[in-house]
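First comes one chain, alone, set out as structure tokens in the form predicted alone.
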Amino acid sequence: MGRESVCTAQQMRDQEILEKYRPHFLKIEYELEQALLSKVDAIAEIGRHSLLGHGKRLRPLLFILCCNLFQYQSQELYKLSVVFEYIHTASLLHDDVLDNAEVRRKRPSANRLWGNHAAVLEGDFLYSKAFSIAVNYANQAFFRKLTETTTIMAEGQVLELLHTRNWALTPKTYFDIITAKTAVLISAACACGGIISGASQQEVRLLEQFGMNMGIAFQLMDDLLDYISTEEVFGKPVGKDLREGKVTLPLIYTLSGISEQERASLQSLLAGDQLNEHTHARIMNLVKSNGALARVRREAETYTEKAAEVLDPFPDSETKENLLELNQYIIHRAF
């Protein structure tokens, strides 16, 4: 079976898993659109393009499920859930400006259509909206977790920027970056589900750890898929990180596993601001052929195993099974 057929089959399995959460997704989508209302029509237009009809909605779904873990019900839950998608999308808008990205979620990026200034301002609007919703519907502990999270995310963005084209990046710094940029928001979505539900401090800590491990696995798989997927499946160009000078774990492991002479040769080719097509193809093929991708996948599996173990103290329930299923979905997804 060819790679395209494998991807298509996995996409179908992904859809089957996510379909059971359709009632949640419909309510999340409704609240996402409601919160986009603005006196400035362009804000709603850019927001609808960036937010609606695309994305996995993993963060708001995890928040809802973590609330359900404690049988907590409230009319405001779905309103609150969109906070995490707004923050996530705001970070993507800013990220795309920094990366000069042209495609996001299988469609032209906002900065490509409306320009960098508009994309940055839209991101600012979504951040502001997220905090406005939190102030109106959440408690102080929830709001505190949100402010801590967005501060760490900003630090992660700066750290990644500082290490652009640092071909000697260490695994430790790489994990510092992905923890701050990606995992901390998934962790916060889970923790806030416990916080708003009145869970104990220990239970909130467990949900925080569950989300953190799951979030690290999620980003490891994203970085792996950037080498093996296709633009049609992945929703953005593959090999994008390498072109932008982002050093991810597959490349780190590849460079550490070759001879010093070959590494020096590659690093001299990588030294410029732009990669030519020949060099890009050569490095992509090298990463695919030396075992680095299998090593990254094993690490991702290790993090999902850690996440699953963290849920052991919680009593068995349908919601717990849902969380464990999504945890596995993270490492088997096609996009």
Ligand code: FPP
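So that there is no doubt, residue numbering starts at 1 and follows the sequence shown. These numbers come from a predicted model, not from an experiment.
There is also a form predicted in complex with this ligand; it is not shown, and the following applies to it.
* Asked: Does every residue of Gln73, Ile196 and Glu321 put a non-hydrogen atom within 4.5 angstroms of this ligand in the model of the complex?
  -> Per the other structure, none of Gln73, Ile196 and Glu321 touch this ligand.
* Which of 174-182, 134-142, 76-84, 161-169 lines the interface with this ligand in the model of the complex (heavy atom within 4.5 Å) -> After filtering at 4.5 Å, what remains is 174-182.
* Asked: At the 4.5 Å heavy atom threshold, is Lys129 in contact with this ligand in the model of the complex?
  -> Because no heavy atom of Lys129 falls inside 4.5 Å of this ligand in the model of the complex, the answer is no.
* So in the model of the complex, does any heavy atom of Asn116 sit within 4.5 Å of this ligand? -> Taking the distances in the model of the complex, the answer for Asn116 is no, it never comes within 4.5 Å of this ligand.
* Asked: So in the model of the complex, does Val204 come within 4.5 Å of this ligand, heavy atom to heavy atom?
  -> Although this ligand is absent here, Val204 would stay clear of it in the model of the complex, with no heavy atoms inside 4.5 Å.
* To do: With heavy atoms only and a cut-off of 4.5 Å, decide whether Ser91 touches this ligand in the model of the complex.
  => Ser91 belongs to the contact set for this ligand.
* Note which of Met212, Val247, Ala110, Met153 lies within 4.5 Å of this ligand in the model of the complex, where distance is taken over heavy atoms; exactly one does. => So the residue touching this ligand in the model of the complex, by this definition, is Met153.
* Asked: Among Ser229, Thr254, Ser187, Gln219, which has at least one heavy atom within 4.5 Å of this ligand in the model of the complex?
  -> After the contact test, the surviving option is Gln219.
* **Within 4.5 Å of this ligand in the model of the complex: residues from 27-51 (heavy atom criterion)** => Residues within 4.5 Å: none.
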